Every structure is written in C-alpha cells, then in structure tokens.
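Starting off, we have a lone chain in the form predicted on its own, written out as structure tokens.
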Amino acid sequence: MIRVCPVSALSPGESLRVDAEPPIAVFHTEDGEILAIDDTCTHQDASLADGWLEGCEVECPLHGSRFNLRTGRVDAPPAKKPVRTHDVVIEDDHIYVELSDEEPNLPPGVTLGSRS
C-alpha cells in the first residue's frame, strides 16, 4: 500500500497526484468519497489530477475526456480506454492506496518508466 496523506490534507473537491509507476490520482469528492485512479489520461499524456472534478467524474484538462472515478470507465471521448481504479483504505486518519494488479491503459507513446 502507498501512504498518501492525512485525510485532512485533501479537502472535498480537491485531488492530488501520487508518485507511483504509473502515477496515481487521488480525489476527494464533494460527497466525501475518496477515490483513486491512474493519473494519466488514456487518450494523451495529461494528468487527471489537474482535471476538473464534478460529482464522481474527472474531466481531462487536455481534450475533455471524462472518466468515472468509481469504475474508471470513459464517460466522454476522445478517450476510448478506461483508467484503472485502485482501492482506497482510510486507517488512523490517513489515506492509503492499494494498487491494482491490472495492466494500465497508457496513452500512445507513454510506457512504464518513460517519465523522469
């Protein structure tokens, strides 16, 4: 598990990027849910943590693809492939992310370890 931050450090409506391989985006929805997905849009290399959070969806800041934070499903193109979701555990008022065992759907030209 990856220790992310104290719950109090991520206010509702905010997100943050977690260094992992590939990076993870953690979101705190206005409804109080804390959810984690792969941070990289599957259409093109853009950070979803920098996107716009609305309800349980995030909109990619680059071309507007929307992803469901609970399922990873694409809710609006141009992305066609979903992002992985990751389990979130709250323990002792800290957020932890349990990484998925599934293969990530990375955008064209991006491979694991290709970022510096």
Partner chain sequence: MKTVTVVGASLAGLYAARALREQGFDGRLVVIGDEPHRPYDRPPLSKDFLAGKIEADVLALEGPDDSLEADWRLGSVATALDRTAREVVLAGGERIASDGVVVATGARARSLAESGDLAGVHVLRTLDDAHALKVELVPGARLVVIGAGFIGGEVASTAKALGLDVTVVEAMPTPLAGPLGVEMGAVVSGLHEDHGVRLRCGVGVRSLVGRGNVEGVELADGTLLPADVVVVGIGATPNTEWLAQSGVQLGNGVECDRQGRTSLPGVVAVGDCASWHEPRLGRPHRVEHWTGAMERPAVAVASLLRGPDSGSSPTDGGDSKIPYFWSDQYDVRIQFAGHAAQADSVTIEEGSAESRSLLAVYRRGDVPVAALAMNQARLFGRWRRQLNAAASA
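Residue numbers count along the first chain shown, from 1. The shown structure was predicted, so the numbers you read here are calculated from the model rather than taken from an experiment.
This next part talks about the form predicted in complex with its partner chain, which is not shown.
Looking at residue 49, you'd find a heavy atom of it within 4.5 angstroms of its partner chain in the predicted complex. Its partner chain is not shown here, and in the predicted complex it never comes within 4.5 Å of any heavy atom of residue 70.
Contact check for residue 62: a heavy atom falls within 4.5 Å of its partner chain in the predicted complex. In the predicted complex, residue 54 approaches its partner chain with a heavy atom inside 4.5 Å. Not one of 12, 40 and 85 comes within 4.5 Å of its partner chain in the predicted complex, counting any heavy atom.
Heavy atoms closer than or equal to 4.5 Å to its partner chain in the predicted complex belong, across 90 to 109, to the residues 108, 109, ordered by sequence position.
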